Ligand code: BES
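Encoded as structure tokens, the following chain is the form predicted on its own, with no partner shown.
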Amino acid sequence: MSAMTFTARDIKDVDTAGTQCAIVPLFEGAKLAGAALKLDKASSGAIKSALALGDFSAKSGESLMLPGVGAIKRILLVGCGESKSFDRAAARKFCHQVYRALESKQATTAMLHLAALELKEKEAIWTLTYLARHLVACAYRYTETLSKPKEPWKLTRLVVNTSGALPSGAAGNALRQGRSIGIGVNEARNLANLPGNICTPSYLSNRARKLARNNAKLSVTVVEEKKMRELGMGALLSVSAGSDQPAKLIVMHYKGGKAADKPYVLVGKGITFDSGGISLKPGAKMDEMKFDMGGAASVFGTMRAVVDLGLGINVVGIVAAAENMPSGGATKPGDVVTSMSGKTIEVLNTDAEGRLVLCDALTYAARFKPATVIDIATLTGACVVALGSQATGLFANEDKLAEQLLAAGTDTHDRAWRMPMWEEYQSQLKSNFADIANIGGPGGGSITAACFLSRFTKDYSWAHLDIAGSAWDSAPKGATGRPVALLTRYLLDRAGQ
């Protein structure tokens, strides 16, 4: 999806190293040194003049493009604020400013002089990882269903001059990780942005097979409805009952570790369009329900990143894909269905369908004897009310797993917030006619949804990510690709990278 390349090396002659744009970070009040001083001398004092005239003050978020010299076509000054205040938030602003400035001049190659940021090794690695991810993700443009899409500007190559600030190997690895995460984010965004008449469960099946093509470490199995019936997946099948599109349980098995190593399992809700079924949604904004497969999209995006990085662990991606539609054959409120686990479920509301496809997928996940299982779903509007779009709702049956995911979210700025899942909430799911009801009333909707899923995850370490608020934006409308960065970081940590 991205032809953007990133390289890192130690460049001595910075004043003659050819590029369309030399990126020079500067702090407020700091004396010119290193690459900045050399480029200033080569440009007959242009940088010092800009500072003296007040054209550039080096405040955080500020940038100035100067004419270049020789093989260096432009010099981009990027303000970093006060040196003592340059934290990760400032680093993110720096990365954003770099992208905006390069885009404004349509520069296709650039060179970043890293040493000017004066970062310690750990922070330098983090900054380069984030920069590569940010540049790749910002370059994404949706074009799939446009008859005459505009040819987007593309940054094709970024060279990082380490100047001894970081070993070139470590810098290159950080850039590679960031690029792979960015590609994964864009994969998720593109799938979620596709309209429901294109991105059907069958389309997702074909997409999985395409991902596995020519990759010996990745295999794909698609469980069809006939096999689902044999397995007793009555909950999942109850959701697709009203649709002409057959449900699919897509299993992507990546074998990067030893055969005996337990896999990390990701389970994605893949409702390719959610009308609400017989419990029909209001017409306004129903088009946005194409995003109801955001969890599935994030599984695809994460698997894409895992394959690209060649991680030395085993990962299984499971996507429960179905379309929720009303028809004469659709499941009705009050119907009772039997899940793969054998538990019976009273379907009080057919618009609470995500948990029905997930519960059978979570039961299916147990056969892999997993190290951990993480499900990802645009599950509840209640989570949007609770957390807005900033944080993903996190529920877990084990503190260690919850802490690992929270740490991965903080590190990538793809943040989650842990929600309670106390036993007292379980009583809201009582049913007079089945083992469990599929909704728990108006109070604590995201919590009772998680409690429902927890009934099917007793045999392993499990976490649930409710991404109803974080998976897509309404203004401008489009998928965000979250939480691919969080999930990939979690798996990188498990792989020791």
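The numbering used is simple: start at 1 and walk along the sequence shown. Keep in mind that what you see is a predicted model, and the values were worked out from it rather than measured.
Beyond what is shown, the protein has a form predicted in complex with the ligand; the following relates to that form.
- Judged by heavy atoms within 4.5 Å of the ligand in the model of the complex, the contact stretch among the candidates 215-223, 74-82, 371-379, 95-103 is 371-379.
- For the chain shown alone, residue 352 is a contact residue for the ligand in the model of the complex, at least one non-hydrogen atom being within 4.5 angstroms.
- Not displayed here, the ligand is kept clear of residue 154 by more than 4.5 Å at the level of heavy atoms in the model of the complex.
- Put simply, residue 468 is close to the ligand in the model of the complex: some heavy atom of it is within 4.5 Å.
- Contact annotation for residue 413: none of its heavy atoms lies within 4.5 Å of the ligand in the model of the complex.
- Relative to the ligand in the model of the complex, residues 130, 482 and 494 are all farther than 4.5 Å at every heavy atom.
- Proximity to the ligand in the model of the complex, defined as a heavy atom within 4.5 Å, holds among 400, 262, 210, 281 only for 281.
- Of the residues 64, 46, 32, 439, just one reaches the ligand in the model of the complex with a heavy atom at 4.5 Å or closer; this is 439.
- Residues of 282-303 placing a heavy atom within 4.5 Å of the ligand in the model of the complex, in sequence order: 289, 292.
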